[in-house]
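We begin with a single chain expressed as structure tokens, specifically the form predicted on its own.
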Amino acid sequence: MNISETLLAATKRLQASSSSARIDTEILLCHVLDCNSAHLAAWPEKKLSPGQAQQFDQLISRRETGTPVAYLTGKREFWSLELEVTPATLIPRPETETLIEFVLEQFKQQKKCHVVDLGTGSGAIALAIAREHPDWEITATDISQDALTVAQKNAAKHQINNVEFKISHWFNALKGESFDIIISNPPYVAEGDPHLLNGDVRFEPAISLISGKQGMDDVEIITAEAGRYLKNNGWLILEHGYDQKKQVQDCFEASDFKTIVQKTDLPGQSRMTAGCRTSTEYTTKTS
């Protein structure tokens, strides 16, 4: 079949299992043909080789069973960085860019900064910040060596040299260190949450998603311990679930964070809480 016929047939196959069937088929076909979507539109009559057709059919079959497109292609874009992703890492998502935007705005005047990204996964947060601020010193940690290996590959691919990678469960390997910014997208999904049965998260590492009965275990650990690792005027910045805004704020206040800022992502969902420990009175800002 040609490109046009292949796209039509594959889209029909995926309609029952994917809400983005056409987009999925285009991404996967571009992956097989090593081209962009403009090529598909420009050459609809071009035939696939037998090898290309077989590879594409196998990818569509796996997508029918729910395997995320990012795991099928082995890549996902985040903050204009094409990142390698594997089943050892979470798939970077647009809502996490809310954290990057906050860092760039809040610390735009800061020439030097020591940042740690806890639970870096594919390296998305650490590498985005490192590329924007090549003079900053970034540490990226993860409990998984497989995930760290992926993050290191991504750093090498984009020639980002100001990130140090460490195996660590939260702060365990950071004793004696202090940071201007502690940032993390920790696990925050509750055990038994029905969302775990749907979509891409079925295939993502549970250790990176699930955090106790209320989804708050890791947030509580990080907020409780962060103060020992923050410099004066240092900030803790966390991503969290859309319905955890009040719970996370309570954790920050209980851990003596005074200035607290909460942000929403582009769809308007509560997504980020940040706190500084140096103000004398509590101030909470939401936007």
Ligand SMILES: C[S@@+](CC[C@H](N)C(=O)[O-])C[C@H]1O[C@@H](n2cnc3c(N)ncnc32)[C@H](O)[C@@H]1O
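Worth saying up front: this structure is predicted, and the values here are computed from it rather than measured. Numbering starts at 1 and follows the sequence shown.
The protein also exists as the form predicted in complex with the named molecule; that form is not presented, and the subsequent description refers to it.
Using a 4.5 angstroms limit between non-hydrogen atoms, residue 170 touches the named molecule in the predicted bound form. Put simply, residue 104 is far from the named molecule in the predicted bound form: not one heavy atom of it is within 4.5 Å. The named molecule is not shown here, but in the predicted bound form it comes within 4.5 Å of a heavy atom of residue 124. Among heavy atoms of residue 207, some come within 4.5 Å of the named molecule in the predicted bound form. Remark: of stretches 191-199, 115-123, 67-75, 153-161, the one touching the named molecule in the predicted bound form is 115-123 (heavy atom within 4.5 Å).
Residues of 246-264 include none with a non-hydrogen atom no more than 4.5 angstroms from the named molecule in the predicted bound form.
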